[in-house]
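The data below hold one chain only, encoded as structure tokens and taken in the form predicted alone.
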């Protein structure tokens, strides 16, 4: 896979259960894909490059160590576009304002007193797999909070209110037309999208208070959307009559792709939004003379996952349906019978329930894209079968 060449500066400015219930939760999900006695994980030959921006991209998933359907909080990846803000929950409030009838301010206790809802959702950064050092920007968690839609109904969106802007506490310097400004991180979505019942104002992750590095005291959780839309460190929600057009909605997180013909190319620019169908091989495991390939698929309801070894035919894997949720990844396994000694390539592709197939790297959807976001092409890894 080819990746765009970026400078360091470009990278820096880019990216109420009971104790018994919690015990049952942890016991159920802690060993969703465990290694068995005698298992040996064979390391991938094509390891990602060293992360040059650990202050921006933190705690990436190590695919060979993927052994839990739910990603533990301490292992969950983090992205900070404007650093990692420190917020005192006791002094924090969420403000809802803009084109509304009744503006509202709520404390964290106010939000916790409202109806509670949970969703299991696999979040992937839209830049994941698009850069040579970034392949672990993904994790699956059980998120809890209060639904967003009732709050929007409560404040009364005015007739000209069409866009919901989510503003985080994190902020930094931007230069627009040679003018320096300090701006908060913000993203927006259409009112109809924001009103979906699964969207949460989230204050809890995997049965524990939301960690600071994952957006505490409050973040948006919008199942089915790339991570960029799930605004962290949320402090304001504003209703606008127009779409937000800041760095993260108009300049960055915009996919640029060539269409048309070679003689008359047409360049299109589209906003990164909903997650795309994707799969990845996680690891190859040897146990005596037996070998298996394990991995995950996500981004849409999964119908099947197939594996191709070297230049062979596509072969169906076995999906693990013991742990599943509509917006969460699915684990899969393939029993690899009698692999030849030496180096092999392993490629996977997912198929969703509407027969969409994860595109190959030479598909125009991927090959004609010059930005690294939305890189959901088929992933190939290399492994060596030792004597």
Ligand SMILES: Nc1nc2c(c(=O)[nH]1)N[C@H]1C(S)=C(S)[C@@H](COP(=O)(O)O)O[C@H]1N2
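Numbering follows the first chain given and starts at 1. Note that the structure is a prediction, hence the values are computed from the model and not measured.
What follows is about the form predicted in complex with the ligand, which we do not show.
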query: Selected contact from 78, 132, 224, 147, since only one has a non-hydrogen atom within 4.5 angstroms of the ligand in the predicted complex; finding: 78
query: 246, 304, 122, 214 - the one with a heavy atom within 4.5 Å of the ligand in the predicted complex; finding: 214
query: In the predicted complex, residue 230 touching the ligand (heavy atom, 4.5 Å); finding: yes
query: Touches the ligand in the predicted complex: residue 185 (any heavy atom, 4.5 Å); finding: yes
query: Contact flag, residue 253 vs the ligand in the predicted complex, heavy atom cut 4.5 Å; finding: yes
query: Touches the ligand in the predicted complex: residue 219 (any heavy atom, 4.5 Å); finding: yes
query: Heavy atom contact within 4.5 Å of the ligand in the predicted complex, the stretch among 166 to 174, 277 to 285, 113 to 121, 153 to 161; finding: 166 to 174
